[in-house]
Every structure is written in C-alpha cells, then in structure tokens.
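Here you get one chain, nothing else, as structure tokens; it is the form predicted on its own.
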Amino acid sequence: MSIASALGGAADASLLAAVAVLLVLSTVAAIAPRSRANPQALSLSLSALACVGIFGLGVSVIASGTPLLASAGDVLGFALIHVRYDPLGGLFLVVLGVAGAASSVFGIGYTAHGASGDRTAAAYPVFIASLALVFGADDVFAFLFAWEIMALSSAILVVGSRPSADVARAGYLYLALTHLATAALIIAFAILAATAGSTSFGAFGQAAARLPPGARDIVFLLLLLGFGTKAGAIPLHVWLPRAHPVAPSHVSALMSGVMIKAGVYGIVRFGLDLLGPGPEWWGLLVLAIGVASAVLGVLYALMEHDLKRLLAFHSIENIGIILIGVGVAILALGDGATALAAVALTAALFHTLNHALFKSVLFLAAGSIQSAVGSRDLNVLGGLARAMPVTALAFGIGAAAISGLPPLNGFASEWLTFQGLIGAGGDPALSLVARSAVLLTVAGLALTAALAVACFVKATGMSFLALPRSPGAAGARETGRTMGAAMASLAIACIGVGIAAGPVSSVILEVAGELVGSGSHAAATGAVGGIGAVYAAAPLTVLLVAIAGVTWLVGVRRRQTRRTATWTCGIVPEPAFEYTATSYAKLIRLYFGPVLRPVREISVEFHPGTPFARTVRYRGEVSHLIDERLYRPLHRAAIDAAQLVRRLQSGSLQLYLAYAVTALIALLLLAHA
C-alpha cells in the first residue's frame, strides 16, 4: 500500500503511515500461531500504539488548522481511497485515540483471563482502522467502504467472542439495522452525487445548494435515518442495548465511546456542514429525537439490573444530549444565529469527547467486575469496594462524571448545553415555535440529569457498597495492573478535562466555528460571556479540595471513631436485608408507569396445611413501547410477507421459467408504454 500526502505537514503524513503500518502489524500478530508470546496481547499492544499515533494525528490537525489530505491504494494512477482530515475529523481522531488506547491496554489483561476468544482478535485492529477512515473519508466510495468494514468488524467482535443463540440474535439484529441504515445513506449519496456530477464530498456542498427543496429534505431525512441508526438514537436504537452488553468489555467501550459517535459525526458533517442551513423543522426534528433519546434512555437504564445493559441505555441517553446540542445548532443556523449555533455545536462536540471518556471507563470497570465476579447482575454484586478499590474508584469517578457532577467533564459539557438552550430560548432570531420547543427541551434535559444521578447511585451502591450478595462477589479480587492502569488513565482524563474545561471548550469552539461560519467564534464567545471564562473549574476544584481537606482534618482525623456491628434487632445482618436493584427503582417505575407500563408476577408457595409462606417468587419487567408498537408489528408483517412470497417457491423449474418470461414481458410492455 502506498500513501502519498498531497497537502499537510510531512510529519503528519509520516504519522499517518506509521499508524497504518502498526494496525497492519496488529492484524498480522492476531492471526499468528501461538508460541511463547501471546499473539493477542502483542496485537493489542500494537493497537494501543496505533491509537496513540491516532491521538497525536488528531491533535496535530486541530492545532495546525490545516487539513491533511492523503490517498492510498493507487491502481493505474487512480487512488482508491481519499482521506481528508480537517479539524472536525481531527477531533474525532482524538476521541478514537484516547478511548482506543485505553481499551487496547485493558484488553491485554482482560483477554488473558479468558474472557474473550482468540477468534475475534484480528477484527479488533481492523475495527480501529475503519473508524479512523470513516472520520477522514473524502469521497463516497472510501466512506462506504470504511462504513461497511466498521459494521462487519464490530459484528464479528460481538458475535464471535461468546457464541450463543442470544448473542447470534443480537448480532443479526445489529447487522440487519446497520445495513438498512447503509441503504438509506447510499440513496442520499446517490442523489447528491448525481447533482454534483462527482462522488467527492468536496463537491457535495455546492450540489446541495442546487437541489430543489423537496429533494434536499429527502436527503436530510435519509442521512438522519442512516446516521441516527448508527448513533443509537430513539426510535432507531433497538440494536444497541442488545449488542453492546454481549461484546467483550474493551470492545463495548470502543463501540459505545467511539463507534456510535460515527453517527454523530455523519449528522454534523453531512446534515449541518455539507447540506448547510435548512428549514426550521430540521432542527426541531433533531431536537425532538434528542429529547426522546435522553429521557427514555435514562428511564430504561434505571429499570435495568444488568450493569452493561444499563450502561448501554445510558449511551442512548448521552447520544440524546449530544443531539440536543446539534438540533439547536441546526435550528440556529437556519435562522442565521451563527453565534448561537457555534455555542450549541461546541456543547455537542464537547459532550461527544466527554462521553467517550466516562463511558469507556464505566464499560471497562464493568468488564473488571465481570471478570472478578463472573456476573454483571447488580442483584448478585455488592461489597466490592474493599476487594476492588481501583475499579471502585474509577467507576465512582466515571459515575460522577456521567451524572454531571462538578468539577468533572460531564458537568462542563452539560452546562454548556444548558447555555445553548437558554440562549436559544431567548433569541429573537428564532420563531416562537422554536423558542417554545427549546424551553421544553430545558425541562427534559433537567429531568434527564436528575434521573441519571439516581441511576448511578443505584449502580454504584449495588456494585460496591454494603455486603456481597453472592459467593462470587465475596471472593472477588482486584483485576490486573494493565486493566487498572487503563481505567485509572481514563478516570484521570475525566478529572483533567473537567478542570481544563475552559481551554478545551475554546479549542472545540474553533472547530465548531469553522462549520457554522467565519466570525462566529468571536460572536459566540461574546454570546455566553466567553466560553473559556464562564466555566472556571480550576478555582471550584481548589475550593472543593480545600473543603474536603478541612472536613477530613476537623471531622474525621480528630474524632475517635468506635467501630461496632450494625444493630439489627439481634439478628445477624444478611445480604437479603439490603435493597436490590429492582426495589431501588420501584418508586420511579411506578411514577413513570404510563410510559414504562410495569408488569409483575408474585407466586407464593405455602407450607402444607398452613397459611405460612414457604417460598415467595417475584418477577417484574417493564415494557419497551417502541419495541412493542413499532418493531414487533414490523417483524410480524415481514414474517407474513415472507410466508406469502414463500408460496411462489414450488421447486418446479417450469414455473420458475414462467415467472421469468412473465417478468420479461411486463418489462417490455412498460418500456413501450
């Protein structure tokens, strides 16, 4: 393979080539025969190095502000793959580099415990390479090639790691939906390419301006369908809570932290950058999808007691928060409020980065728990804080960050999202309908933030506090150094980005400013009083640390603490006395009953001849409205249609020839009509 840099620094081109070589070596190492060295560990080590290079490449592109152009696969003088990494692509490379490096290092220890099979190892570096290519592809063929490789490699990682009927169903659903999404993208690209007379994305921007309004709306809807499915936005989310939990945890972290962001990248790149300003309903539609994803995502997460499935639903919630920012940006850009659009898009991109950090650490911690306990069911965990202090601390920091607690990174980006919403709600450039929708979104986002705190109090408390609820939890031990180092690095990054939120958001504002129009950066800075200055996390952090230090000195160190057993009316405390994950969420389940529609079954077995219960069994579940009202009817209709078509399959060659002749005659008649 040859890589030739057309523009950009020679150092960046060399770094890009080095990353490609490392990923190729990683793939070769994964399929190498096992000898003294563990080929999977070697492959993951090379992938980690490649991700460090990807991170450096992203930082370099953002810092220089100069796009890096490159091509690969020369055939007869024509390059098969064109890439163009501009600051937006560079930001997503940074996201991939950080999450990929940590996930790869974690995977070295995780796979050593036998939690993942060797069969999927070669797909992992291919998955990373495809993600890097998606964020830089500069024409239709390169993008669709990378998009398909990304889907197939991630499906192999999901299905091949732990083959079973449930995993196969999850992989089948994932592949089916992702290919339906790809079909929508192909139609949208075909319309743009036919108008532009080129498959280059550089020509799509001018072509979009020449499209009739109706065709432009269709292209936007197709792009939203395709990229929204990959992002896991409601109602296109059904694959996500099924596929993410069954994948190995370092793959789950990469899928949730980076892969679903490819959908966000697509909506921003094509729906906002290339299509340009659109009618008001574009922004309102994205805003509505964002609010629905945020609120329903966190509600369903609260009802879960499978830790990884809970985290998967929180990915839907956070994609909703990101789409809220993107929706406001589209809305504001359509009405000419470029400063407001820059603020909202900055919030969305900042939350994209932050979600990759805290969701990755949470998935890795869940993998650490599963590796140590053998289960991810919250009802059988408990008491892990003493046995697994590194995992507990990393999970706690990730939980605080995703709950939006200051001074961590999640608070900073959610706070900026609120700034964008409040600014839009009072901007006279927006219509009354738009301002009303934005103010309703503020309420939805506030509700989401409150429910997220409740959910992670449950997840943290049930996992790490109180007494172990199973022998596996009681015998758990801290996982290895590589796994701990990966979790710790991401947790530190959550703190660091939170404290440096001002400078980081200012850099992201530069990226957003290039997409919504020149001059928006200064106006956006003025619109919110200076993005770099309005959230001064460093003084807040110093204040919180000082308060914690004084409290510890005065309230803890000088006090004589007497430790004694908990008084439980003379009965020895048992794990059965504790709240379960199900009982913790009961009040919220009942309060949101019209949406969740809880169903419960209680069966009691009595001692023979007595009114005294011997066993009581309880089963409760909630309904997923979109599954029941949308996908199950569609599934039944597809089965009925398949049964109808099946009647045509008789096995008779003569009948098949009759079908072909009939179809040919019908086509000839249509051609002459």
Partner chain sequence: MITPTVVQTLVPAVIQAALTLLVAPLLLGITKRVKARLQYRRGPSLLQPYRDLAKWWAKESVESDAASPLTAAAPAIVLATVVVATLLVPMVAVRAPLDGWGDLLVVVGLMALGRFVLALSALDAGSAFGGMGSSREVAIATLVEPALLLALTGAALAAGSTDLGTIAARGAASGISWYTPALLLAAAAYAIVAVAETGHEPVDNPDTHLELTMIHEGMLLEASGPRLAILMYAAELKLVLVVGLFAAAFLPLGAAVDLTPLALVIAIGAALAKLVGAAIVLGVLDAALAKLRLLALPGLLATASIIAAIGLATRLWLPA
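Positions refer to the first chain, counted from 1. Every value quoted in this text rests on a predicted model; they were computed, and no experiment measured them.
One more form of this protein, predicted together with the partner chain, exists but is not displayed; see below.
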Can you pick the one in P539, G197, P212, G570 that has a heavy atom within 4.5 Å of the partner chain in the predicted bound form?
P539
The one residue among G484, G517, G461, G160 placing a heavy atom within 4.5 Å of the partner chain in the predicted bound form is G461
Indicate whether W239 is a 4.5 Å heavy atom neighbour of the partner chain in the predicted bound form.
no
Tell me, yes or no, whether L587 is in contact with the partner chain in the predicted bound form, where a contact means a heavy atom of each within 4.5 Å.
yes
Taking any heavy atom pair closer than or equal to 4.5 Å as contact, tell me whether R435 reaches the partner chain in the predicted bound form.
yes
In the predicted bound form, F577 touching the partner chain (heavy atom, 4.5 Å)
yes
So which of 471-479, 589-597, 175-183, 216-224 is the stretch with heavy atoms within 4.5 Å of the partner chain in the predicted bound form?
589-597
Honest question, do A385, S403 and A450 all end up within 4.5 Å of the partner chain in the predicted bound form by heavy atom distance?
yes
